[in-house]
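Take a look at this single chain in structure tokens; it is the form predicted alone.
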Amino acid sequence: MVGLYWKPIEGLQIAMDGPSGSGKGTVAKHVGKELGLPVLDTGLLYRFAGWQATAADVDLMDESAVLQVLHEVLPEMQWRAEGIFFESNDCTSLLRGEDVGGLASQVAHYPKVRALLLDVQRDIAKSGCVMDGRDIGTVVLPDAQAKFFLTASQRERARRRWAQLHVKDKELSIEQVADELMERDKRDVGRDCAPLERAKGAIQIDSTIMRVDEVVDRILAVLERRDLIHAI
């Protein structure tokens, strides 16, 4: 399947959900490349929100304060397929750190913050995209033509995250990453507003022992069977 030339139907929206380390971001990029669709990482929006709130020195436990910061900074933010730009500067690499991921998880449970960012996500998805996150199929794009839920064992997810982060932080242990992953899972699954869960109709793929190309092949096969993409 990978390597063929594919044409997606007009406005095709593919929702890719799953916990941290499940491989959804990597898989989404490959699927987007195969189909010529923009890949949108919604997690970056929440990382941006937490990052900006911290930079403004507001209490992350104060929803109103976080919301006020977002109203001030969102007009200067551009969310593109290649990442997040703020005041014309690419800040994507700054948002990828594990510390910023923790900030994102803290602000993501606020209903008003999620409502504010929801419009941003839906607007950019109108012309078609592969969008990955934690509530894409359930909340952001409930009418997406294709929904997938990626998962993997907690041990494997921790290993993947450690491999990513260890490049920048040689002192980081896999035990630290595993502990932070467990805490983040608890917050994401347990929050009252848009918790992490498998959307109705979403196809679950356990990527624990699968290569990226195998996962991508499976997704492309599903899309082809549903006549959402056609080989050209």
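For every residue, the number given is its place in the sequence shown, counted from 1. This is a predicted model, so every value here is computed, not measured.
Although it is not shown, the form predicted in complex with a small molecule is what the next lines describe.
> Can you pick the one in His166, Arg191, Lys29, Arg198 that has a heavy atom within 4.5 Å of the small molecule in the predicted bound form?
The residue in contact is Arg191.
> So if I measure heavy atom distances to the small molecule in the predicted bound form, which of the stretches 68 to 76, 150 to 158, 127 to 135, 82 to 90 falls within 4.5 Å?
Single hit among the candidates: 127 to 135.
> Would you please decide whether Ala146 lies within 4.5 angstroms of the small molecule in the predicted bound form, comparing each non-hydrogen atom pair?
No, no contact at 4.5 Å.
> Heavy atom to heavy atom, is Ala104 within 4.5 Å of the small molecule in the predicted bound form?
Contact check for Ala104: yes, within 4.5 Å of the small molecule in the predicted bound form.
> Answer yes if any heavy atom of Tyr46 is within 4.5 Å of a heavy atom of the small molecule in the predicted bound form; otherwise answer no.
Result yes; Tyr46 sits at the interface with the small molecule in the predicted bound form.
> Tell me, yes or no, whether Gln13 is in contact with the small molecule in the predicted bound form, where a contact means a heavy atom of each within 4.5 Å.
Result no; Gln13 lies far from the small molecule in the predicted bound form.
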